[in-house]
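Next up: just one chain, as structure tokens, the form predicted on its own.
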């Protein structure tokens, strides 16, 4: 610098330049973070699942029932306050049946009323419906409701007789298997470390009682292991959920009796309701979906009409 030259900007120019640059960068970063967080919160709020408190971990939110169907059923209720053709949901008014159907049948499958009904005549059956597919679905729905009552009243009630464990009170209903799908999948294509053709040994449940018995084939032992793995995966539990890890043949764990009862119930479903299963055999996964208490089950019998529910909760 030439002698006698004086910097007109002063000696702190570099400091202030760096200070301003850092300030701008920090402010820009803070604004970006705030924008990102706000966007994430808004997105999370939009994606929030509103659970129906009558169910275990299941939402019936949605617009699957059309405005046309809602208008048609209101007109039908006004004209016929008492049901014209109720075969399973007896002892209920038309309005009560509509409330149940909306919350548990349409809600369980997440379908419109027209999936099973001619909305110009909700009581119509067979050829009166005017669509063979819809008529077949209505017949199938009745069989499924009959099965629901059977399982709740004749199988879940057996759990109360098992000492050492009180049943949760959960009830089977449409969403227990369907979980928002008109045609649920009992056996996924990928069974995770199981043969793709594996199915529960419902023809011979004795194959599951081989532990401790050395006079069995290796095939029986392997089938047993496959079944235990299917239990574990379907309920997301370990061996000790049902077994004494020091002596697996022991029956001291109440959950082991629960498992056997549920297997016998699956056998009962296969033998008596196979025609309603869309060509599938029952599986533990079909209801449990990786949870001990099946999502889509009703929380307790008080949420269901009397004709469909069991009575085994501690309150009664």
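Predicted model only: the values in this text are computed from it and were never measured. Residue numbers count along the first chain shown, from 1.
Quick note: we don't show the form predicted together with heme C, though the next part is all about it.
Student: Just to confirm, residue 276 within 4.5 Å of heme C in the predicted complex by heavy atoms?
Tutor: So residue 276 counts as contacting heme C.
Student: Might residue 112 be said to contact heme C in the predicted complex, defining contact as any heavy atom within 4.5 Å?
Tutor: So residue 112 counts as contacting heme C.
Student: Please run the contact check for residue 158 against heme C in the predicted complex: heavy atoms, 4.5 angstroms, yes or no?
Tutor: So residue 158 does not count as contacting heme C.
Student: Heavy atoms within 4.5 Å of heme C in the predicted complex: does residue 138 have any?
Tutor: Yes.
Student: 191, 194 and 220: each with a heavy atom within 4.5 Å of heme C in the predicted complex?
Tutor: Negative, none of the three is within 4.5 Å.
Student: Heme C isn't shown here, but in the predicted complex which of 75, 162, 228, 216 has a heavy atom within 4.5 Å of it?
Tutor: Going through each option in turn, the one that passes is 228.
Student: Determine the residues of 119-158 with a heavy atom within 4.5 Å of heme C in the predicted complex and present them in sequence order; the list may be empty.
Tutor: Residues within 4.5 Å: 122, 123, 137, 138, 140, 141, 142, 144, 145, 147, 148, 151, 156.
Student: Any idea whether residue 170 and residue 166 get closer or farther by CA distance in the predicted complex, knowing it moves 3 angstroms or more?
Tutor: Residue 170 and residue 166 sit closer together in the predicted complex.
Student: Tell me whether residue 225 and residue 165 end up closer or farther apart in the predicted complex, going by their C-alpha atoms; the shift is 3 Å or more.
Tutor: Their C-alpha distance grows by at least 3 Å in the predicted complex.
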